[in-house]
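As structure tokens, one chain now follows by itself in the form predicted on its own.
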Amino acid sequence: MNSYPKKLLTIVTEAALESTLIREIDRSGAHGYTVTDARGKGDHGVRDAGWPASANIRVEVVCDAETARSLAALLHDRYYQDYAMILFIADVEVLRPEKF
């Protein structure tokens, strides 16, 4: 079985940004994304999604390295100052490269 290297860009941020992030991801050239609800504790305290205004999401994008870096830079520059957001990029291997 062959595997192919890609990057996983993970974005954890406020749920209020979901539709905006999806537009940014679509414009970036990435082929898709996965959005899930997220809960946890960080610099902004506990985020438990008990109240919609405090809900967080986790957005995962598997893509090539250039897309991951440019999308992360764009999100950092546009949203880090005004929103609770973390970004990280990890190496992953995929089995169906045509999907990404």
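Given the structure is predicted, the values throughout are model-derived calculations rather than measurements. Counting begins at 1, following the sequence as shown.
Only in words, not in the display: the form predicted in complex with a further copy of the same chain, which the text now covers.
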> in the predicted bound form, does G29 have a heavy atom within 4.5 Å of a further copy of the same chain?
Replying inline: no
> Using 4.5 Å between non-hydrogen atoms, is E66 touching a further copy of the same chain in the predicted bound form?
Replying inline: no
> Which residues in 72-100 have a heavy atom within 4.5 Å of a further copy of the same chain in the predicted bound form?
Replying inline: A72, A73, H76, D77, Y80, M85, I86, L87, F88, I89, A90, D91, V92, E93, V94, L95, R96, K99, F100
